[in-house]
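What follows is a single chain, given as structure tokens, in the form predicted on its own.
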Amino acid sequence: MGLPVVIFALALTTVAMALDNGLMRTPPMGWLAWERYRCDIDCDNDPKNCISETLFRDMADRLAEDGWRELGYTYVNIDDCWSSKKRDGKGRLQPDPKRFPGGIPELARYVHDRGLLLGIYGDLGTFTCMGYPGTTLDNIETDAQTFADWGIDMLKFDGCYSNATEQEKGYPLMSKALNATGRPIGYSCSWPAYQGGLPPKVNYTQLGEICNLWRNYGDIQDSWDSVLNIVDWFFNHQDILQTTAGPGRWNDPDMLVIGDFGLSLDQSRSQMALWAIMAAPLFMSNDLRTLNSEARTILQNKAVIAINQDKMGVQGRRLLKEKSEIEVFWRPLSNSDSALVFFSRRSDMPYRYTTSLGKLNYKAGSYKVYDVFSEKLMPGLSDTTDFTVSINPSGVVMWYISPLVPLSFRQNYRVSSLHGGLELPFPL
């Protein structure tokens, strides 16, 4: 079988394994506090940036008012360091009263009133990674019900201060407990990251049955080296990981750091493109209040988002690693469309890379090509036409490719599965 046929077959064989809560049929999108704000709890000296209800209200306002929500960025996610150091008199988790004086239910109402969703952080262990109260096995049902009572829409469940035996019991138990609350709560599991990310220690069939998404690898840092390490790990193990992803169950390479301090413009485009190829959750961790226009343009690019949110939900692959340090990535999309990324690991100068669609396993025929970041419709290509792309150092060229077929076949098709029916900025 040709490569496209193999990928579609893999998608069909794995689609039935997803967690049956009806959530996250496309990769979830939103904002998450951790990489940008970590455990800053000094609200006396840093009131705008500390982990507090003010920070999350500010980010909810920006998502609702600056065009993010309409593009699909709907989650506002709290990470570690939100809670009090002690549980309340009934054994329930409680927010820090100074930093969250209104409580989590009031924050949830604020977020929901803006058409958004609220996520929260927990940890399967005696403590969270930063030393706040964890969720031991005997507290799982209590904490799940507490989150549901508060109006929480997503739980990121970490694994610090727990062992493999506790994780084997606790992650499935939390899934069951969340479902038992009757409230739809997306479930992000950090379990595989604590078990090395690969079989046989990691049972991806089981993960697909209990979790909506999962962290496979270490935390991202605000640096290009960190992004490259994550990209290498995921694509070096793509034969294992690609088959595990699909609607309702996603591999999570961690947050988008676009708009922070460590990536150049080209590197920011590269992270966005490669996360879209991976069908990764798109959780920004940046300051939406001060985001520059270049970062905003990348993160709000409709074509990249449409690729990421494709309903078929097949994770893409790396096709080639050239001696020239050019790599080619490919993802199949609905309606026989596809995405191609030409990525340069070079550090010297733009590189002119020549190939053809036929050499990249495309079937015989003619194709329409849209350049995602230049936002231009390119001249049509046949599978045998050689073409050359110029790729900046640590940059990408990303194409959205559609087979040229009669209009009657495509006229009622909507490319994007985004919330609100957002369509691509070019005609099919």
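In this text, residue numbers run from 1 along the sequence as written. These figures come from a predicted structure and were not determined experimentally.
One more form of this protein should be noted, the form predicted in complex with a small molecule, which is absent from this view; the next part is about it.
- Proximity to the small molecule in the predicted bound form, defined as a heavy atom within 4.5 Å, singles out one entry of Y194, Y187, F343, W250, which is Y194.
- With the partner omitted here, the residue from F147, F329, W214, Y121 that has a non-hydrogen atom within 4.5 angstroms of the small molecule in the predicted bound form is Y121.
- For a residue to qualify, one of its non-hydrogen atoms must sit within 4.5 Å of the small molecule in the predicted bound form; none of M29, E65 and R296 qualifies.
- Partner proximity in the predicted bound form, defined as non-hydrogen atoms within 4.5 angstroms of the small molecule, places exactly one of 223-231, 104-112, 316-324, 156-164 at the interface: 156-164.
- In the predicted bound form, at least one heavy atom of C129 sits within 4.5 Å of a heavy atom of the small molecule.
- Although the partner is absent here, W34 is a contact residue: one of its heavy atoms lies within 4.5 angstroms of the small molecule in the predicted bound form.
- Contact between D239 and the small molecule in the predicted bound form is not found at the 4.5 Å heavy atom cutoff.
- The small molecule is not drawn, but in the predicted bound form it has no heavy atom within 4.5 Å of D143.
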